[in-house]
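What follows is one chain in structure tokens, specifically the form predicted alone.
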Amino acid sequence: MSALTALARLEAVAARRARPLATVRHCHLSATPLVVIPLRLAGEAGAPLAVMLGGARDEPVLLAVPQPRNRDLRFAFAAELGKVLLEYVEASRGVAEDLGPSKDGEDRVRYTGAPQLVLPNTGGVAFLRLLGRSTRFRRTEGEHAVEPAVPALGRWLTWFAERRDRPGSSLTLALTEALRLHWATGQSSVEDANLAALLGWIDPPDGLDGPAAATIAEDPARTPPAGPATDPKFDNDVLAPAIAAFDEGADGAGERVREALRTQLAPTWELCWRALDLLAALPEGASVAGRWERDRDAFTHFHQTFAEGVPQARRDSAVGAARRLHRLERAQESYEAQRAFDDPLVMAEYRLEGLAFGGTVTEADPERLDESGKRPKLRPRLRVATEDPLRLEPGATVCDAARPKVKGKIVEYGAGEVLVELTGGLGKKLTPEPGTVPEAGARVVFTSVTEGSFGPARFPEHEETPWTHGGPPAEYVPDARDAGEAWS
């Protein structure tokens, strides 16, 4: 926890209401999200019990399994869910826009839209990941055949889960995580995992403060859990008898199970839309649109290669794992930098840590040339008065937070002043492009947080995997061992 977040939590305790951690929204919100609230059977980690989903606040769809231990009923549920998800995916992609040829000359396209799954918490995301693993290898022919929608559901859920691992991606949102990114409460991180309690601190009902609203939200009798687990008392007193009646063949028992589950899901459905309203009220950060473009690129590629593709392997190859880790590390660095550039509250955390400094330009030499080499180079210098506790040494690379492409280095620091020499992003002439060099009197922020320090990496091709990592892997072909993966 950063110093600024700790301070915001203390202020929330004093004010008895959540405090903002951001001035802009750092995630994309689709105009047509698919809100998904899954429930699983207690004691059966991978057995689906029900899901409420939909793209309109007043049109929730409830899918339920009256006996989750029954394999046929379970896969019939998966087929229904798959059909709903596939229909949503097709409806959300929009049209393909032409991006022109790539570096290798191939034509590139990108869909104008993309699907977005919204779940109440990270537990729901983990359950969908498990459901994807458990369905993507199921066979549509032979013994224990399932409908084609079942493995298709598994592949899409796996893809959504894998894209969520990429920092900054908005294709799969967990609302508790998104809200905690923008607000700090006066309760613990464990309590923040309860969507109702979290919303109680951020947006308490009239006449209540954060702690009072959270106390009410933590009572499962008044506010059922947001899943994927259900309340044990509900399981024992309501659900178990309803399922037993279904097993005995009682009239209307299946509908009785559905209505019991509806009472558990409907309150969370309203909470999810309240959370979306709160997030939508924040202005979108400047870099969010660019990250959503990359999400749409990934969606376009997966959608267009889905038909000829095979289920995702249970494990990455050595080279594939290394490439994936490198992509995630680069995305994390980029996401952290972009959030800081977009949001002065996020940048303030780096200033408190001494990794950035802000102040007023007291002297500026915008046309200074470095003539120590064979050719003169444009190297403007700025002297910045600052009160920030800078922990960067002379020679450290920094960039202008308002103009991230403008790079520089710290020449000297002392007595509340920093001398910065600008080294890049100024244009190719011996005079700077207009607006690139701050004038005397301007307020500036320089930071060591930059994008692209990882740079591109070179990895061997799969067929060149060294023997130390198992040698070249065989071509992946799903087999019976994959399909036999347990649900729990």
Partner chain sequence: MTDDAPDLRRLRGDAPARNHDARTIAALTANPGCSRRGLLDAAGVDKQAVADHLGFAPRFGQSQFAITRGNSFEAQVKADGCAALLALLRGDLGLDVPAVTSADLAPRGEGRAARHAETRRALGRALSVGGGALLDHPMLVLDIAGRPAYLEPDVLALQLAGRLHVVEIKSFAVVDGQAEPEQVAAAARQAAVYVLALRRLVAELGHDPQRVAHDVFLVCPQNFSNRPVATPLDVRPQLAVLERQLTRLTRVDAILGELPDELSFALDDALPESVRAVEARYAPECLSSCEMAFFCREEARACGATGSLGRALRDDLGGVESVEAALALAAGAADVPPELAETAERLRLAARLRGEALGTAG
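Quick caveat: nothing in here was measured; it's all calculated off a predicted structure. Whichever C-alpha set is largest while still superposing within 1.5 Å between the two forms counts as the rigid core. Residue numbers count along the first chain shown, from 1.
This protein has a second form, the form predicted together with the partner chain, left out of what is shown; the following refers to that one.
- For a residue to qualify, one of its non-hydrogen atoms must sit within 4.5 Å of the partner chain in the model of the complex; all three of Arg19, Gly186 and Leu352 qualify.
- Only one segment in the set 155-163, 214-222, 168-176, 375-383 has any non-hydrogen atom within 4.5 angstroms of the partner chain in the model of the complex, and it is 214-222.
- Contact between Arg25 and the partner chain in the model of the complex is not found at the 4.5 Å heavy atom cutoff.
- A residue is said to contact a partner when one of its heavy atoms sits within 4.5 Å of a partner heavy atom; Asp235 meets this definition for the partner chain in the model of the complex.
- Not displayed here, the partner chain is approached by Glu191 to within 4.5 Å at the level of heavy atoms in the model of the complex.
- At the 4.5 Å threshold, heavy atoms of His144 stay clear of the partner chain in the model of the complex, well away from it.
- When the partner chain is considered in the model of the complex, only one residue from Ala348, Ala364, Ala331, Val109 comes within 4.5 Å through any heavy atom, namely Ala348.
- Contact with the partner chain in the model of the complex, judged by any heavy atom within 4.5 Å, is made by just one of Ala442, Leu29, Leu34, Ala45: Ala45.
- Along 243-264, a non-hydrogen atom within 4.5 Å of the partner chain in the model of the complex is carried only by Ile243.
- Residue displacement note: Tyr413 has its CA displaced by at least 2 Å between this form and the one not shown (rigid core superposed).
- After superposing the rigid core, the Cα of Thr360 is displaced by 2 Å or more between this form and the one not shown.
- Superposed on the core, the two forms barely differ at Arg69: its CA moves less than 2 Å between this form and the one not shown.
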